[in-house]
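Below, in structure tokens: the form predicted alone, a single chain.
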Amino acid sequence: MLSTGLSEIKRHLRTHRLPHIWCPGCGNGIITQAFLRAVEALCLDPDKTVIVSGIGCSSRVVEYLDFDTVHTAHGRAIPLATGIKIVSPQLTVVVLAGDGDIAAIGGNHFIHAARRNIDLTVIIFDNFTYGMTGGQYSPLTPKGERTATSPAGSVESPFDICELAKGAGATFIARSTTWHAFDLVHLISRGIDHHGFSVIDVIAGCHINYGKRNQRETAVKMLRWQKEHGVPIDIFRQLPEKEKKDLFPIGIIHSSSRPEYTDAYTKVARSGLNE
């Protein structure tokens, strides 16, 4: 899996759209590469794979991927992906979007896709901020962190997006970071291969609009923070509660099996048509 070369990855890119718009050191490129390595590991057919995004820095990724892609409205990636999957359940459908897009304006769609357990894979580019529009706080910004709209520190408690997904009914949930790039390939592969609603929360880095306000003003500092605060799930669970402060678990958070939406929908539709 990890031996995938750059030439294999490059063939999945619309190279005529390069160079990309992301800032030097942005974590979006690492996530994109990990996704493409997972595509290669799973031998996915590009003609049977659809990538959907919303609006934001990370959502521009669909412009660079040589698949059938849809760049949708803000927060609407999941309902568009849901429609594609219902009409053509044989397709592999992946949503690539940011934390604001998924957890704020798209939050309602997120929880209901999890409730339905529809076979989508949602990869969250989680940089704790709205990077494209100036660095406002998002529903996943840690409490106390400074942003353009919380210059003295956010007073809001953030969602734990993995726990939210679990409570809503998602059947595969994982978390990684852009520092743990090799592990990320494995987790994305597992998520895509899982038959049900899959969520991979990827802690990324926006050192320009977020890091500079929180003593992580370089890409290196952002990566070092991820390395120091991301703890493998088995170790994290054994830590005393007081030692978990400011840390977060990485790895497979939850995996289970229950009926998938398009399977049930197709069965009911066929049954109704035969009556």
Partner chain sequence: MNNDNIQLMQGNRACAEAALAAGMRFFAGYPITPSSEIADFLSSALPAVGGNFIQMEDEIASMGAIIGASLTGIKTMTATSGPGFTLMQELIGFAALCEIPCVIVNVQRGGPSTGLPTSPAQADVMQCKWGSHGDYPMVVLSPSSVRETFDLTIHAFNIAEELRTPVILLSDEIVGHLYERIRIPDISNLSLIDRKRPTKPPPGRYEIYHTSEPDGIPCIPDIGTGFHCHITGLIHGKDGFPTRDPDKVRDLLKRLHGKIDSRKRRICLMEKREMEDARIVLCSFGATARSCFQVVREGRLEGLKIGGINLKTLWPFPDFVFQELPKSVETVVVCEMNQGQVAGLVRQATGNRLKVVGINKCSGTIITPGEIRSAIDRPI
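Positions refer to the first chain, counted from 1. All values derive from a computational prediction rather than experimental measurement.
The same protein has a further form, the form predicted together with its partner chain, not shown here; the description that follows concerns it.
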Contact assignment for its partner chain in the model of the complex, among 228, 243, 217, 66, heavy atom within 4.5 Å: 66
Contact assignment for its partner chain in the model of the complex, among 254, 267, 17, 10, heavy atom within 4.5 Å: 17
Interface segment, criterion being heavy atoms within 4.5 Å of its partner chain in the model of the complex, picked from 66 to 74, 232 to 240, 28 to 36, 218 to 226: 66 to 74
Its partner chain contact at residue 41 in the model of the complex, heavy atom, 4.5 Å: no
Exercise: residue 147 in contact with its partner chain in the model of the complex, heavy atom 4.5 Å: no
Its partner chain contact in the model of the complex: residue 91, any heavy atom under 4.5 Å: yes
Residue 108, heavy atom within 4.5 angstroms of its partner chain in the model of the complex: yes
Three-residue site 46, 79 and 87 fully in contact with its partner chain in the model of the complex at 4.5 Å by heavy atom: yes
Partner contacts for 146 to 164, taking its partner chain in the model of the complex and a 4.5 Å heavy atom cut-off: none
